[in-house]
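Before any questions on binding or motion, here is one chain by itself as structure tokens, the form predicted alone.
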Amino acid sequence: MNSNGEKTLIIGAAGFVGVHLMTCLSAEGRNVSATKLSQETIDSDIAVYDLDILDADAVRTLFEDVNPGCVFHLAAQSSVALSWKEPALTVDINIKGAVHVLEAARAMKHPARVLLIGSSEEYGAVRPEQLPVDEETPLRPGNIYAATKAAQDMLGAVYANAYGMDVLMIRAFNHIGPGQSPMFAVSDFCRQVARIESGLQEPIIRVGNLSAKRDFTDVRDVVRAYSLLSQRGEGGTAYNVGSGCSVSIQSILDIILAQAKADIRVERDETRFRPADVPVVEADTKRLRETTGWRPEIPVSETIADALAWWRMYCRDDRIGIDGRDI
């Protein structure tokens, strides 16, 4: 589908996944442009535009100016915890923003292929007999973030069916790696370990629900899957992106503690528990694998080592605040 000369636009490229996707696509020789919020920074040689996806006119103007052949829509309010605290903001960004992107693509003379990046959270509490969960499993979102992503998914299917647009709905399972916000458990654990090693925190790591099982994939494998789907995926189709196996948060924490350079005690923190949590998440990735030939390549232990090294760098260089904000 995609040729190297075709323009590719990443919406929301300043975030965790966007940075890795820019690196991946640029390495493939793609003609890449990207957007960010005005207060964000992107250290890249590619063309970067400031964009608020809640401004429909601005989104449409950007599409007219760039004229992309392929669009990766990454811009989102992606924290489940924050969605409980800021439901209206989450709805605005994740639903209205997606509509603005789809409408801008539809208005093009030759509408772009659009990849809407969603989440495994859309499936909600899947019954044990439904695991691993495939793309035909009904969406039963159990939190506000998941509900907005399910809405985005359904909107993508409507635009594909009603207007004949080339839209792919991606349901990404948990991805981890260097550069992730500490709003997410694995990155938060790595951050706490790095701070403890640097003497910035007492030797206690505070945790939430460790019994939940998740399907973790290195973000660098995830963006490689996105790239392959942009070239080989079928329009109007949903694709799971994940490792295909689930592991407990406890087992991930054990790997992190084994790589720590300090003796650390683990303490349960009730404030880190969600109002509703899905016990087990595991992807059926047959459709992705058969369509693209993709397989995950980076083991969890290597991902954690890289994430720890990233946090250690920031703690050592004293370039990060201590209030848990995204960076």
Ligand code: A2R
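Please read all numbers here as calculations on a predicted model, not as lab measurements. Residue numbers here begin at 1 and follow the sequence given.
Below, we turn to the form predicted together with the named molecule, even though it does not appear here.
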Query raised in the report: Only one of 34, 53, 288, 70 has a non-hydrogen atom within 4.5 angstroms of the named molecule in the model of the complex; which is it?
Result: 53
Query raised in the report: Quick one: of 24, 308, 14, 315, which gets a non-hydrogen atom within 4.5 angstroms of the named molecule in the model of the complex?
Result: 14
Query raised in the report: When the named molecule is placed as it is in the model of the complex, which of 189 to 197, 250 to 258, 142 to 150, 210 to 218 ends up with heavy atoms within 4.5 Å of it?
Result: 142 to 150
Query raised in the report: Looking in the model of the complex, is the named molecule within 4.5 angstroms of a heavy atom from every one of 105, 108 and 156?
Result: no
Report task. State yes or no: in the model of the complex, is some non-hydrogen atom of residue 238 no more than 4.5 angstroms from a non-hydrogen atom of the named molecule? Result -> no
Query raised in the report: Is residue 40 close enough to the named molecule in the model of the complex to count, meaning some heavy atom within 4.5 Å?
Result: yes
Query raised in the report: Is there a heavy atom of residue 233 lying 4.5 Å or less from a heavy atom of the named molecule in the model of the complex?
Result: no
Query raised in the report: Does residue 133 reach the named molecule in the model of the complex, with heavy atoms at most 4.5 Å apart?
Result: no
Report summary line: Taking the named molecule in the model of the complex and a 4.5 Å non-hydrogen atom cutoff, the residues of 83 to 105 making contact are 93
